[in-house]
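In structure tokens, the next block holds one chain alone, the form predicted on its own.
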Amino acid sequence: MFKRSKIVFWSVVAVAFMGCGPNSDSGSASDDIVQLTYWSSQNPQERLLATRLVDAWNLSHPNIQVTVQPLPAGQSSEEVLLAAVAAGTTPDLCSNIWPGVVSAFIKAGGVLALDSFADFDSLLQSRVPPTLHDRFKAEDGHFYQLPWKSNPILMQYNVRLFEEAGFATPPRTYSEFLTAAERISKDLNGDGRFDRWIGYRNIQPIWHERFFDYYSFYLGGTHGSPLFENGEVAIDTLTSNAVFEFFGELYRRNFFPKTKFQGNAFVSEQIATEFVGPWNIAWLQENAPPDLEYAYAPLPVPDGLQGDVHTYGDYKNITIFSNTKYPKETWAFAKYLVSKDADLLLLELATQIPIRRNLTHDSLFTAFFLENPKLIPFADQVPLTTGVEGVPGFAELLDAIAQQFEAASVYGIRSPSEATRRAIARIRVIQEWNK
């Protein structure tokens, strides 16, 4: 279990009292009570987090009261939010904003430019690692989202299985990973078929599944260069070909199975690696046997590539919607949600990483990371993450890549270079249609 601080709630209360009381930067000159509505994620951990933070805020801000609600049910949170923007029924702010949908909010005039607030720049500089500043800037040069949290994708690996295969450290390159796959993937029961594999991926051609293979590995191979520049496709063909080829080799040689598992294959040691975010740690601590030794490392990169390894960041951020009647008060509450003590509570309750510079070196978080060392690689990875580009219809564009991943990598009916060519051509067609 993750260690829980006994004092963090009251620390948050203290910050709420000291940091931004109703007469500090809310801008409200009225004695009337301002009522704000805040939508949080639906998952239980973040609902608890939101409730704890709002309770502390309301206790110390009698003139600015916040009501927290989980996002209404729907096929996806993005669809729910887009529908609310179109209908004019959005809350004052939401903390479950996927960057891939922000461009649609901007186009609809549904969100405020946060850099219109005088202290936005100072908050961005003090909180967000400099390498990430431009990741959250819209095409018009403004910021419509407040960076909040990240779930970097890393390689989770079974330490014992790699040591038995002769690896004292996890594989760093594609070749090293394939060598480990040769040694780890085995027919254990003698029936002529593998029943242990180096890893596994969901092979369905669904766009969001590609965040955990093609997209994260592409970012690793390009030092974080995005798929799009100035809204136009800018895929590095050599890197894309290498990613398709790498996964194609894994499937051709049966190092990755094309089947689904009953139960968790990593816990049962049917697979030796997974490409996951930090959310998986809490689940493993609850469900894995005590003797399962696992650790985390950067994703493998193409042979010969040097330097830091980048990956997908899976950001979720905070936006203020343009229909709010109280922008200054809402901004004050948004700043409170990204305060240091709120970030500590995010770590403790939700096992997710705040987008905060020097996180593992800040004394406020030292005790937490000493008690939860498996989260350190994820926290250290945040400055080397990339999210999704703010291009319209990003999900549909990534679907074009997902179809080629299935054809080239999983089933080998298309060459990597042809898969890349077809993906780029299809993306251009989609973008032209969407203009």
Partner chain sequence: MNWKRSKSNGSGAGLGQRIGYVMAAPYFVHLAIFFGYPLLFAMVLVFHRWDIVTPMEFVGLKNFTRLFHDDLFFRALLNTGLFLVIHIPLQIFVSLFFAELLNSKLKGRSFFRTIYFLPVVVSGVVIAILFQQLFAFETGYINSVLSALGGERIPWLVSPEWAMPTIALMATWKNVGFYIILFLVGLQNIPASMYEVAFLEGATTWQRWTRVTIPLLNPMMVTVVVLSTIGGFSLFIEPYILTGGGPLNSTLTALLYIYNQAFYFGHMGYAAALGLFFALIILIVVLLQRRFVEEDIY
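Keep in mind that this is a model prediction, so the values were computed, not measured. Residue numbers count along the first chain shown, from 1.
As for the form predicted in complex with its partner chain, it is not shown, yet the points below apply to it.
For the three residues Val85, Gln204 and Glu396, a heavy atom within 4.5 Å of its partner chain turns up in the predicted complex in every case. The stretch from 209-217, 355-363, 302-310, 189-197 that comes within 4.5 Å of its partner chain in the predicted complex, counting heavy atoms only, is 189-197. Between its partner chain and the residues Ser175, Thr131, Ser225, Gln270, the one pair within 4.5 Å by heavy atoms in the predicted complex involves Gln270. Residue Pro257 is the only one of Pro170, Pro257, Gly248, Gly100 with a heavy atom lying within 4.5 Å of its partner chain in the predicted complex. Remark: Lys325 does not count among the residues lining its partner chain in the predicted complex, judged by a heavy atom distance of 4.5 Å or less.
Using a 4.5 Å cutoff between non-hydrogen atoms, Ala104 counts as a contact of its partner chain in the predicted complex. Although the partner is absent here, Ala425 lies well away from its partner chain in the predicted complex, with no heavy atom inside 4.5 Å. Contact annotation for Ala118: none of its heavy atoms lies within 4.5 Å of its partner chain in the predicted complex. Within 4.5 angstroms of its partner chain in the predicted complex, the stretch 412-435 places a non-hydrogen atom from each of Ile413, Arg426, Trp433, Asn434, Lys435, taken in sequence order.
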